[in-house]
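The chain below stands alone and is given as structure tokens, in the form predicted on its own.
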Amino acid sequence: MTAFERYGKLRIEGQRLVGEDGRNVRLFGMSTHGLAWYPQYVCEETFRALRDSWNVNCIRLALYTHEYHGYCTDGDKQELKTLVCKGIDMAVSLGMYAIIDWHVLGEQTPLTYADEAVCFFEEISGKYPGCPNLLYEICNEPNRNAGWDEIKKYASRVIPVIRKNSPEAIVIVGTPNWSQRCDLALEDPLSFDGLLYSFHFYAASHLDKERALLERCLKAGLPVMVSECSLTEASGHGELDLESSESWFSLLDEYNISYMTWSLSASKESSSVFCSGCKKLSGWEDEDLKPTGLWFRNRFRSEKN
């Protein structure tokens, strides 16, 4: 039985993510790296292997908007949209869930490309109206001077566009400081239903202070999803901090928080799961995986799907 066959259409009930029958649901899986940079992993072979061998139930499709070949800069918009749709179609066909990640990063504030975001989400939600497998992450990591007021202004433009075609779609909203200030959403939430606020952590950089902030929000009942995390430094490089990682995942386990890990690639980053020379799209052996890949593979296999 696939995850979608088990849970069906998802909804937010208070703080909880639940399935059609009201049971708690935990989404867990891999985020792609930039789709323009590592398109080869958006294929049935890889998604099926992640589902069947790694026990993953969700794929996050990271569409960079600003960086090299970004959707809103010098990227091929049609080619990137085709890749996003390919990923959605494959996840649906395999009974998995998919997150479309509008990967705000270099532009800092989501308002920079708000017009493009409105057009993109209107087109995608129109192509997949009411799709129960699909979640919309509308701004990955607002950062530096991008404040919560700007994010709220942006979200108030984009969410109605999505909800016009998918009235009950779950929307994931990024928070300031690279999606680490979910406390600001707790103090001043958006007025829409069906939202998850994102929190990101990289275990070697984000320690007790960040965990305490997240725990405070969870205790207060804020609906949160960790839509990106890894075991490394925030840069994606550096050594793994396994002690901090265990502390993070103990907290997520306590509150049954969904999480997506970074990244489904063979990049030079220590946060990528495959060794740099690995060309395989499935059938990965231990020697094909970086320590991050081994840790997350074992973590996924321990989850109850």
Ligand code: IDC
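This is a predicted model, so every value here is computed, not measured. Throughout, we count residues from 1 along the sequence that is shown.
Only in words, not in the display: the form predicted in complex with the named molecule, which the text now covers.
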Given 157-165, 107-115, 229-237, 184-192, the stretch touching the named molecule in the predicted bound form at heavy atoms within 4.5 Å is 229-237
Does any part of residue 255 reach within 4.5 Å of the named molecule in the predicted bound form? Heavy atoms only, please. no
Taking any heavy atom pair closer than or equal to 4.5 Å as contact, tell me whether residue 202 reaches the named molecule in the predicted bound form. yes
Does residue 259 reach the named molecule in the predicted bound form, with heavy atoms at most 4.5 Å apart? no
4.5 Å heavy atom contact, residue 241 to the named molecule in the predicted bound form: no
Would you say all of 15, 215 and 249 touch the named molecule in the predicted bound form, counting a heavy atom within 4.5 Å as a touch? no
Out of 41-78, which residues reach within 4.5 Å of the named molecule in the predicted bound form, heavy atoms considered? 64, 67
